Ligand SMILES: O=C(O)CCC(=O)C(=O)O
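Read the single chain below, which is given as structure tokens and is the form predicted on its own.
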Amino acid sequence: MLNEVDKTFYEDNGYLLVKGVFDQNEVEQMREGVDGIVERALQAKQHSNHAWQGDFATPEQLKKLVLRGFHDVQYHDAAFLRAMIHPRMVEVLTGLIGPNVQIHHSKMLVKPPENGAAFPMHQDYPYFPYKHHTMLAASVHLDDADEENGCLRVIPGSHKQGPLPHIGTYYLHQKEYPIAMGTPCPAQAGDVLFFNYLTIHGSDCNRSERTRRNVLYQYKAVTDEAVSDGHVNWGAGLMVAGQQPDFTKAQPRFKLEPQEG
């Protein structure tokens, strides 16, 4: 699935769209999984809105925007664990990262029709910085995505600039890096967009009558080391490909604190 031309394109541009990683049946299982998570979150009253609050829209417009997002979806539905370690995913990951690959975390993002919120341009690095920058995102498309329903946009080659200063809640200055600056990456359901966590990316509002659902996995090389303790996830460290060469690092070290009350 991955050839030298693909690898060179990724190294030069910081992203790569791979077509048809998942078939129609696998996509439908994940769609049902996303819908189930949203429904259960509503029942549990755990449905928070992840729409960014900033200066790219008026306060009246911001009130109408919605972005549903939940982390570590493999704990909610087995379809996402199967996708995380899918042979076609692993083939691409080992080609881009190397033979020993770990999952860092997963999340799902849902942009509903007509009022699905934009996601301003940013790098993922500030959220979970690592020493060797092997971290990449694999954005699994569960719906066809185009400019009308807010497909992902990237700035090719921006990963070569290294970490950039972000403002507020980890977004780039929107006047310097407007969403329109990004190259649109239209994709079909089942396609996966891989991009380095230093690649500047974002997405515009969903102005269509179609939902845009994505599941995003963050992977890294097993030898890459965290710069800080931020953004800890229970699933971090699961081997997706290859081996963990250091026996003492096979499990993340979490400290459990009893809840009061």
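When you see a residue number, it is the position in the sequence shown, counting from 1. What you are looking at is a predicted structure, and each value in this text was computed from that prediction instead of being measured.
What comes next is about the form predicted in complex with the ligand, which does not appear here.
Stretch 122-130 is the contacting one of 78-86, 156-164, 91-99, 122-130, since its residues have non-hydrogen atoms within 4.5 Å of the ligand in the predicted bound form.
This chain appears without its partner; in the predicted bound form, the one residue of A236, A226, V222, L216 with a heavy atom within 4.5 Å of the ligand is L216.
Of the residues given (A138, L142, L152, M135), L152 alone sits with a heavy atom within 4.5 Å of the ligand in the predicted bound form. For A189, no non-hydrogen atom is located within 4.5 Å of the ligand in the predicted bound form, even though that partner is not displayed. Contact check for L109: a non-hydrogen atom falls within 4.5 Å of the ligand in the predicted bound form.
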